[in-house]
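A lone chain, given as C-alpha cells: the form predicted alone.
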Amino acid sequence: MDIIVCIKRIPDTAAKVEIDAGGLEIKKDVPWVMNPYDEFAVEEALRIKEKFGGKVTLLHAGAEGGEEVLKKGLAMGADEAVYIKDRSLAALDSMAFAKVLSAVIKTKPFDVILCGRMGMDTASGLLGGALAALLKIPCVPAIKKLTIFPQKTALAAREIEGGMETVQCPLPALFTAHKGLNEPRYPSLSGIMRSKKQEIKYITPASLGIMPDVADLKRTALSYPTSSRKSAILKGDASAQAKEAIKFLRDEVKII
C-alpha cells in the first residue's frame, strides 16, 4: 500500500505570533510546528502501513523551515520525506499549493492520500478537495474513521449535522483527517535517531515545470485581530431598536 501524506508547517498556536515590520510575514523567531490535523493524517497512514505493509511518503511544500516537521513525521515512522522548497511558495493560496503538490504526486505511485482537515493558521480547508480534483480521484473530507479493505476499497465515516455519514469509495482516494480519527503517537527515541540519518529529498517547482507564483489569491497583508469590541443593548420595539442600532453603528462603531 503506497500512502502519501501532505503536511504543513504552521506557527505554534500556543505561542504569541508576531508580524514583521512589513506586515506580510510572521517573524522567524516564532516557534513552528506540524499542523495538528496533519498529525492525525500521519498517524492514520502509519496504521494503514502496519496493517497492509507498504510505504508512507511525507510531502511538504514551502519557502523555508520545513525540515523540522518532515523530520518529526519520519521519527513517527514514515519512510520517505519530499520537500518542495522555493521562495515563490510563500503566501500562496490553497489552489496554487494543490497544483504544486499534485505535480509531485503524479510522479509517484499511490493508493491513499491523507491530509489534515485544514491548516490551523489559515483554516480554509480547501487543499484536500482541490488536490483530489486535480488528481481526478474521490475525496472524503473531515473523516473520523477509516477502514481500508484488501479489495482496494475504503469505508470512511465523517460527522455531519445530527449524526454520522458513512461513505464507500474505490482507491486511490484522498481523505482529510479530523480530530477524533486517532491518537497520534509520540516519536520514539529509536525513531528520532533513525530520522536523523534519513535524507530529505528536495524538489524545486522549476524542476516540475510549474509556475507556483502565478496564483489567483496572494496574501497582501497580515494584521492582529481587534483587541476590543463595542456592544450595546437595544431597547424598545423593533422600529426603535432599528433606529438605535443604526445610530450606534454610525456614531460608535463608525462603519456606516
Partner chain sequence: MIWVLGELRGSSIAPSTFEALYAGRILSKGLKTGLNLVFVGHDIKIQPEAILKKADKIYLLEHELLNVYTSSACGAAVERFLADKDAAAIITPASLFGRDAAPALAVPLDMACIANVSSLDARDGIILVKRPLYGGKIIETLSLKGRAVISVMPRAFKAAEDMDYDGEIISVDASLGETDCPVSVKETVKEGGARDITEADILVSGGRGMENAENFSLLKELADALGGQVAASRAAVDAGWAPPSIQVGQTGRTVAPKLYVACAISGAPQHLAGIRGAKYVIAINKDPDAPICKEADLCMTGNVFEIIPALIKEIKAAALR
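Positions refer to the first chain, counted from 1. Definition used throughout: the rigid core is the maximal C-alpha set that superposes within 1.5 Å between two forms. Because the structure is predicted, anything quoted here is derived from the model rather than measured.
Although it is not shown, the form predicted together with the partner chain is what the next lines describe.
Option touching the partner chain, based on a heavy atom within 4.5 Å in the model of the complex, out of 63, 222, 203, 210: If I apply the 4.5 Å criterion carefully, the residue I get is 222.
Please determine, with the chain shown alone, which of 131-139, 104-112, 78-86, 145-153 has non-hydrogen atoms within 4.5 Å of the partner chain in the model of the complex. Only one stretch passes the 4.5 Å heavy-atom test: 131-139.
Checklist line | the partner chain contact at residue 92 in the model of the complex, heavy atom, 4.5 Å | finding: Heavy-atom contact with the partner chain at 4.5 Å: present for residue 92.
Exercise. Could you confirm whether residue 179 comes within 4.5 Å of the partner chain in the model of the complex, counting heavy atoms only?
Key: Answer yes; at least one heavy atom of residue 179 falls within 4.5 Å of the partner chain in the model of the complex.
Q. If you check in the model of the complex, is residue 1 within 4.5 Å of the partner chain, heavy atoms only?
A. Result no; residue 1 lies far from the partner chain in the model of the complex.
* Tell me, yes or no, whether residue 100 is in contact with the partner chain in the model of the complex, where a contact means a heavy atom of each within 4.5 Å. => Residue 100: no contact with the partner chain in the model of the complex.
ask   = Using a 4.5 Å cut-off on heavy atoms, which residues of 155-188 contact the partner chain in the model of the complex?
value = Read in sequence order, the residues that approach the partner chain (within 4.5 Å, in the model of the complex) are 155, 158, 159, 160, 161, 162, 163, 164, 165, 166, 167, 168, 169, 170, 178, 179.
> Can we say the CA of residue 237 moves by at least 2 Å between this form and the one not shown when the core is superposed?
Replying inline: Comparing forms between this form and the one not shown, the residue 237 CA shifts at least 2 Å.
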